[in-house]
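Before any questions on how it binds or moves, here is one chain, the form predicted on its own, in structure tokens.
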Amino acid sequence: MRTRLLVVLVALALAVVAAFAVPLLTATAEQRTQQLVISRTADVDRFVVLAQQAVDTHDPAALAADAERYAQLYGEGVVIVDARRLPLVQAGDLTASTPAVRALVEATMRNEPAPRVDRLDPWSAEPAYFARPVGTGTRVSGVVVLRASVTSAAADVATGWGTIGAGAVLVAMVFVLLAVVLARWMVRPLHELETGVLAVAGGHRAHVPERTGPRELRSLAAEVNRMSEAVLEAAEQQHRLVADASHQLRNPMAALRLRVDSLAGRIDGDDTTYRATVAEVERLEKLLDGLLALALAESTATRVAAGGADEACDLASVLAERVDAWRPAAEDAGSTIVPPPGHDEPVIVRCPEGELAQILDVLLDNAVHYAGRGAKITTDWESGTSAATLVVSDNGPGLSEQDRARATERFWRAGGEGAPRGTGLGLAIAHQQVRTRGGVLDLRQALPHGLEVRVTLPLREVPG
């Protein structure tokens, strides 16, 4: 946006400068041309008077001497002929036989107006001709022709145009500088507002400066900051409610678990109802643990956004350790976990070791229990220039596209409400933990079938 606004302002400024400069250049050239015409017309009029006197007295000597001095002083030619077209005076290198002079003499004898002198410019080089009849009324007794050089006048026009051009360039530079300052003054607050809105959308606190830019944008910045505070306060209250409710329910749940366990030795006969009760109690315990873990992950997001944590770990080592831990469970479930390839250099990602282990536990737990017997679970990692990607895939039945889109939602379970196990919080917690560390959790279909989970985390910057 800043570039587009700057282009518009600069184009407008240049157009304004051109609108003033072009007429000024034209006026300068016309003014110098008019000065030349007035000056040479006065000279021609003087020669007309002297020529009339020479015709009347039949003595052109004084006229010839004056014309010769004029030619030597200005370097311009003068030709004066009588009514019979015979030259009375030829000064400079101009003669009556010159085609241009002959044409002017004939036209003047017919009382035709002299040709108009074109407007001069810095590149004008052709001389200008002035012609005037000698005599009074309709009686023409001769013609005066003067060939004027335009070199000096063209140089004056060039000097004037250079001065005007330099001034125009200076004014244009000032306008461009003002356009840059104006564009920055208007666009910078917009960028800060965009950053603030994105921060609010990401669950972070917005700090938009309220004292820069136009008044309307300053007011908008203040509203964004207030909205950010309100959103964060509402989110914090929600997190506290979940955490407090989960914590308060743990004590009665522990008491309920003790009472249920105490009934184990007193059940006679069919204990189906008792075992179903124990399973529900265990599910409630897992649900409470999941809610507490989710509340902890969301509170960690706020702490990290405030810059309160910058922990890192070796992704490859944590992956190898968690694969070893889950191998017995996979064997019990009838599946196989393929360990990641060995590595020489550590892959340091910006995520605490404990959180990365929890994320891996969720991914490996889902793969072991949902891929089915005989499934092959593959683990690997890829390292780029700024991020590393952890990959856990299986060749089980996988998830449909609609299920993959909802798999990270809270309380969503594969198979719906009738699913045999799980609280529906595992992937939601892992997703929140990955987002907290600036990463991305992506679910894809494995080929030819199965599920592939990719967790991309930023690498820790190595001090230069």
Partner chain sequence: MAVRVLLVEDDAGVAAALAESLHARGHPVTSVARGADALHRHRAADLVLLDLGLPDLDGLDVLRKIRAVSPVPVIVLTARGDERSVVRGLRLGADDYLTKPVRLAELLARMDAVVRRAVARATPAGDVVRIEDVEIDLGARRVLVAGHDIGLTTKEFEILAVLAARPGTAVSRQQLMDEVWGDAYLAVSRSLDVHLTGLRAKLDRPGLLTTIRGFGYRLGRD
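Residue numbers count along the first chain shown, from 1. Please read these numbers as outputs of a predicted model, since none were measured by experiment.
Separately, the form predicted in complex with the partner chain exists; it is not shown, and the next lines address it.
**Student:** Among 255-263, 86-94, 228-236, 175-183, which stretch has residues whose heavy atoms lie within 4.5 Å of the partner chain in the predicted bound form?
**Tutor:** In short, 255-263.
**Student:** Against the partner chain in the predicted bound form, would H343 count as a contact residue? Criterion: heavy atoms within 4.5 Å.
**Tutor:** Looking in the predicted bound form, residue contacts with the partner chain include H343, since a heavy atom lies within 4.5 Å.
**Student:** Does any part of C313 reach within 4.5 Å of the partner chain in the predicted bound form? Heavy atoms only, please.
**Tutor:** Heavy-atom contact with the partner chain at 4.5 Å: present for C313.
**Student:** Considering only heavy atoms, tell me if R240 and the partner chain come within 4.5 Å of each other in the predicted bound form.
**Tutor:** It does not: once the partner chain is placed as it appears in the predicted bound form, R240 has no heavy atom within 4.5 Å of it.
**Student:** Please tell me whether any heavy atom belonging to R275 falls inside 4.5 Å of a heavy atom of the partner chain, as the geometry stands in the predicted bound form.
**Tutor:** The answer is no: R275 has no heavy atom within 4.5 Å of the partner chain.
**Student:** Taking 4.5 Å between heavy atoms as the contact cutoff, choose which of A388, A320, V81, A297 touches the partner chain in the predicted bound form.
**Tutor:** In short, A320.
**Student:** In the predicted bound form, which of the listed residues (R102, R250, R188, R218) lies with a heavy atom within 4.5 Å of the partner chain?
**Tutor:** In short, R250.
**Student:** Look at the candidate spot formed by D270, D332 and K376 and say whether the partner chain comes within 4.5 Å of a heavy atom in all three of them in the predicted bound form.
**Tutor:** Not one of the three qualifies.
**Student:** Using the arrangement in the predicted bound form, list in sequence order the residues of 334-368 with any heavy atom within 4.5 angstroms of the partner chain.
**Tutor:** Result: H343, D344, P346, I348, E353, G354, A357.
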